[in-house]
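Have a look below at one chain only, the form predicted on its own, in structure tokens format.
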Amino acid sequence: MQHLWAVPHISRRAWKVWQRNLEVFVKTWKVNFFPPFIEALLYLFAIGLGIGTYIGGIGGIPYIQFIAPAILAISIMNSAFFECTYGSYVRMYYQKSFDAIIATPLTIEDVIAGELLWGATRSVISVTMMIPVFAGFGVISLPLSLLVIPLAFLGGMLFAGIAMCFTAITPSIDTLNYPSFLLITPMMLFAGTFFPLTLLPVFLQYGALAVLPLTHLVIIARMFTLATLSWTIFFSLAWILVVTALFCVISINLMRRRLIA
């Protein structure tokens, strides 16, 4: 039996799966492109301008500028995670798209790799749609904030890999609610998003840095949008790269086991 950490063989045909998903996405562009604008505006008005009026600044930074990178990071997480859980599960189980694709020269590894790439692309699309909105309100620093776009692909691959692991082991689409409520929602609240990580007890700060992927995305995104680069960016980037590679490999091998069985 193939080990979960064995490096899978992936061919260039994986891009065909990505292309297929992109073509479906473009056909429903009105539904897919509109939500990022609304999501960005809701967060900015409700939290940044609403609650931020009572909070004032954090470390000399206006609250709306403090949460802007966190909103971008949350969008990266949500776009990739939900695309590779609910989206991938529907394509695998209900639409039988995976079975149809595997009947071609593409392998299972190619299919899952294509799904992971598409999950990361969804993150890039969401962030790319949101940045002009944030720039229009003057809450991010250009042009350095544009680096959030390549960061979105890397972060998207990370959460796509995590999501695909859950998709591989879930017995039904309903049980995907568990990682959503027990993992994604707590991360959105306790990863240095809406308040500084330093407000948490020290052991929780270290816990967030050690096990919560969103924490590192928020750290890097905040450096880019506020134009305050620090050497700690290398630690967060290294953490994301290592964990992304680990989860992507494991997710492909888990999905291979499920689809073969």
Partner chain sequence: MQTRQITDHEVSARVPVIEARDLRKTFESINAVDGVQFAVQKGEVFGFLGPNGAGKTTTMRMIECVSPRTSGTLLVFGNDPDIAPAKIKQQIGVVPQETNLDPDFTCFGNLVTYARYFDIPPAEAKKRAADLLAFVQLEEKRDVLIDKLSGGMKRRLILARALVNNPSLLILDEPTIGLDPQARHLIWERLKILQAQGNTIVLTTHYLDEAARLCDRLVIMDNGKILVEGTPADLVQRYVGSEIVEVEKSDRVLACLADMKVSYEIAGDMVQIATESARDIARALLDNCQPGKVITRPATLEDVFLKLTGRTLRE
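Predicted, not measured: the structure shown is a model, and the values here were computed from it. Positions refer to the first chain, counted from 1.
From this point on, the text means the form predicted in complex with its partner chain, which you will not see here.
- At a distance of at most 4.5 angstroms from its partner chain in the predicted complex, none of the three residues S141, I149 and T228 contributes a non-hydrogen atom.
- Proximity to its partner chain in the predicted complex, taken as a non-hydrogen atom within 4.5 angstroms, holds for one residue of Q95, T185, T128, N177, which is Q95.
- Residues within 4.5 angstroms of its partner chain in the predicted complex, judged by any non-hydrogen atom, belong to 23-31 and to none of the other stretches in 23-31, 56-64, 209-217, 229-237.
- Contact check for P105: a heavy atom falls within 4.5 Å of its partner chain in the predicted complex.
- Using a 4.5 Å cutoff between non-hydrogen atoms, I173 does not count as a contact of its partner chain in the predicted complex.
- In the predicted complex, none of the heavy atoms of I169 sits within 4.5 Å of a heavy atom of its partner chain.
- Residue contact check for V7: none of its heavy atoms lie within 4.5 Å of its partner chain in the predicted complex.
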